[in-house]
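Here you'll find one protein chain in two forms, each presented separately as structure tokens under the names structure 1 and structure 2.
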Structure 1
Amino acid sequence: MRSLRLPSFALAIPAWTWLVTFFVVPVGAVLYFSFGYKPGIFGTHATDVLSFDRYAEALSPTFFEVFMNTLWVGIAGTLLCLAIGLPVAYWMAVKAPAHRRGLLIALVMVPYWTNFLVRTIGWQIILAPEGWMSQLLQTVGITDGPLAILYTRTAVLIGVVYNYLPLMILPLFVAFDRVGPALREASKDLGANRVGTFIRVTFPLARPGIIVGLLLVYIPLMGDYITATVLGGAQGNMVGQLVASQFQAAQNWALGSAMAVLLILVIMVSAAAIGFLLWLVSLPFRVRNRVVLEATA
């Protein structure tokens, strides 16, 4: 009332301007390019004639196969992360001694904060046919010849599960930690056994965390470019690589843009579909008298 009144969002204007200039506008431009075409060998894109042709091109059998491949790796990788990460998060939040929790969280954080490319190269060393793992397996007699995993879809799957596992463990840990021991004890005092307590109390209350974890893993995994490049080899079996190669090697920005737009659409539609499926699956787990946890600040 004393001085001139700024609008309530005044302080957000610099960040808003920055993000619009270097995120919204460029991504919008990609959408626009995707309706264009590649004019001759030396041009990267032209937009004087607009059409959906690039989308048809992007969905041709060769590229479609890569899309399906990406979807397979995305879904299998996310589910594996859940299967591997859920017991760990539960153990960290419920079983591990409380004073060690900070250390355990730090142990999950260290791999998460190690450079993505570097950890993936670590797997390249481990999985290499001439590497120590391969020799060890041959010496022990588990495999006959050298390890033949590197540059296959299996290697990419191992890589993505490894790379995104911390993003699954952390939200699950937070979710289990929030439930707290009081409700579990109450459930037991009221006569529920351990399985009953997990299914009727702990799991339903941790559900939001599970959904967050699934999304946190699935979305970046689908757009992954590094893991597939390092472990999947040159043949390129994820969409991220295809997009990159259109922009770099092929210099076809129109087609690359169409692929990028399709990638975002596939991620959005499949994430929504997975969310719907989860909701259906979890219906039987609904507690009739819901316990609502107070929001954690």
Structure 2
Amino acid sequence: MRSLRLPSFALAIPAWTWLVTFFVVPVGAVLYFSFGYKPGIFGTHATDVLSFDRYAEALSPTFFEVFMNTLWVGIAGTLLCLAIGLPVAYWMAVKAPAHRRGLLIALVMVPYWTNFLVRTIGWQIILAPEGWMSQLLQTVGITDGPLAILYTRTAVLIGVVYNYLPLMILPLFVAFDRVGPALREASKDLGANRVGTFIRVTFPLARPGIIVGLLLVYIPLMGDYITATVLGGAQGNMVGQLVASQFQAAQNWALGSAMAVLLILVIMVSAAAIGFLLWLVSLPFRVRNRVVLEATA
């Protein structure tokens, strides 16, 4: 008796079901609501008349300034995470003793054992004008008065870098660890110094991990509203705050949905543009490292 064999795509059915149920359907609902309107004071949304009016309202000068501020914080925060996380991950994967790497990874993950909101409130206490950081800087003589960083865009930038830095370090660590010491030793045997080995061997092979780290940080950072709410105040507004306020306080689901759709489009377009720029930057290295084999006569 022949056993019943399931089709090859059967194993992917649970994953596709989860993806459709918790991603495609909610995004589709948000997209549909974005064409509606707020029917009255006590109504949240109506879709009997569909139009693009909510998108025009979301792109008004006030909201557009918040969009640009969000884009600035997203790009700057991601680049800072890369600048801080790359040397840390390289040291963990290459320089640190192998028997201590597990401990170092655990230390990187320690902040994620604490609630996201609690971590952000911790920075609110640190950056407060009457906090210990402000008093320490005044005692040392670095500042003449209380620290004036809280409720600014700088405070938001500090918060997002702290909250999302582990998402950059972990994929970079894996990428550097997979290169292995044998390739670096071979590069040194061929006459390359440490800088040349990193540029010619380690960095190109770690490029996939760098791309993954950039996406893992940039995408959730652009939609973050907790950090902006706790640390940003009026000067550090981000689109995530506006979307949350439209759904919760204003009860205007149509306008909030339009803002959410625009945020998704901004993330997709900017991520594609950044990827294209990275490809252009890496192109000279690819051409320089390309080996051309010519047939001998």
Partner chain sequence: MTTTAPEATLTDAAPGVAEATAPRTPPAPVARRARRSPVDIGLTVWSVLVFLFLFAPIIVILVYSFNNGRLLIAWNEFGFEPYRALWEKPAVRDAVAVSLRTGAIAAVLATLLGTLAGIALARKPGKWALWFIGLLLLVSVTPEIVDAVALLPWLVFLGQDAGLSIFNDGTVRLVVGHSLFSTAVVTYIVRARLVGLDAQLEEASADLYARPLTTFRRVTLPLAMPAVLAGLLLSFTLSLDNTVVAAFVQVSGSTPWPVYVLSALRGGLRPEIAAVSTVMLLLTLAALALVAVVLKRAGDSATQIARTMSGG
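Given the structure is predicted, the values throughout are model-derived calculations rather than measurements. Rigid core: the largest C-alpha set superposing within 1.5 Å between the two forms. Residue numbering: sequential along structure 1, first residue numbered 1.
Legend entry - Panel number for the form predicted on its own: The chain shown second - structure 2 - is the form that fits the description.
Inset, instruction - Would you tell me if L277 moves between the two structures by 2 Å or more at its C-alpha, with the rigid core held superposed? - result: No, its C-alpha moves less than 2 Å.
Legend entry - Core-aligned CA shift between the two structures for A15 (Å): So the C-alpha of this residue moves 5.9 Å.
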